[in-house]
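Below you'll find only one chain, the form predicted on its own, shown as structure tokens.
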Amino acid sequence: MRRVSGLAIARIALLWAAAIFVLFPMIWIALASFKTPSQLNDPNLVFFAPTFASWENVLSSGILDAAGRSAIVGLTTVLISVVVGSSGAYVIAKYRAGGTATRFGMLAAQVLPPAVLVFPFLTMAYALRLNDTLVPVIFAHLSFVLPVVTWFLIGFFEAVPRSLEEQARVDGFSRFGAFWRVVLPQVLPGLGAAAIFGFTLSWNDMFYGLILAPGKAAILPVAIAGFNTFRGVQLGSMSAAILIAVIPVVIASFFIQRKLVQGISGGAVKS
């Protein structure tokens, strides 16, 4: 009993330590967003008279418009990724298309540095006169969101019993009808988790947005980087903008935490 109690106490202490370690930067950023420039020079200052000057500066700087553009990019990227990725994951899971090489080859874009891939996108954007628009950013985000979403969904499709699809075929459904009406409803939780995970990846990306749409079509991470001016970093305004960017990600992560590990590990080769 003492040993079990000791393990429980150690586990609780470790969880509290991890929570403090993770939450401390967010608490510091939240406090910084309500400080004056002079108060920001004292990082140890916890109790102070809050000011909303940084928030007023951020909200008047067009940060919400940038957040809207990021949402458009993320939702469009996720919609295409889920439609294409679910079809690809189904074929890989049920028919072993491409074998092991396909499973790991689809993640090749994750291995390559973004700097290698951004210049072809930039060249095509200038050739099609789409530079500084959201279109090349969406295609760039598809290069890393689509493979991850496909990988994520393979394990969920493999978990669907083959007998369900076979019974649907016996009942007169076509192959696509069996997929659409029988198999796909079984993986809806996985589709939702994959969509939120893909949206989070797109929402957090700054590199492609900074190169492909640095001006009037700037997305949220690029707009946040704009608070690093030639006069120095506007810490208060940047802290407020960071909170605007982080809150949706935290909420999304709360809903997919149970499915996240299942989806990532499910894409691996099973014996």
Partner chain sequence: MATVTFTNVSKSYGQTQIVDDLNLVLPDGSLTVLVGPSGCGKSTSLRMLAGLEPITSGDIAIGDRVVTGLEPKDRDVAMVFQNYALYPHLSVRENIAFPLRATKTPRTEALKRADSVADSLGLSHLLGRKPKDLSGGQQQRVAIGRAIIRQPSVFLFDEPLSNLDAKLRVETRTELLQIQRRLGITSLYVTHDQEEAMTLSDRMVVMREGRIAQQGTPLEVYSAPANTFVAAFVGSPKMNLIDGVIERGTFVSETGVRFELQTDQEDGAVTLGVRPDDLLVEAPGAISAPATATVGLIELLGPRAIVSLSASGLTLTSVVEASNLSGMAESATVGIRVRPGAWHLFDRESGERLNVRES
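What you see is a predicted model; the values in this text were computed from it and never measured. Positions refer to the first chain, counted from 1.
There is another form of the same protein, the form predicted in complex with the partner chain; it is not shown, and what comes next is about it.
Does V170 reach the partner chain in the model of the complex, with heavy atoms at most 4.5 Å apart? Output for V170 is yes: heavy atoms within 4.5 Å of the partner chain.
Can you tell me whether Q186 touches the partner chain? I mean in the model of the complex, with a 4.5 angstroms heavy atom cut-off. Q186: yes, in contact with the partner chain in the model of the complex.
Indicate whether L79 is a 4.5 Å heavy atom neighbour of the partner chain in the model of the complex. The answer is no: L79 has no heavy atom within 4.5 Å of the partner chain.
Please check if L164 has a heavy atom lying within 4.5 Å of any heavy atom of the partner chain in the model of the complex. Flag for L164 set to yes.
Enumerate the residues of 204-224 that have a non-hydrogen atom within 4.5 Å of the partner chain in the model of the complex, in sequence order, or give none. Not one residue comes within 4.5 Å of the partner.
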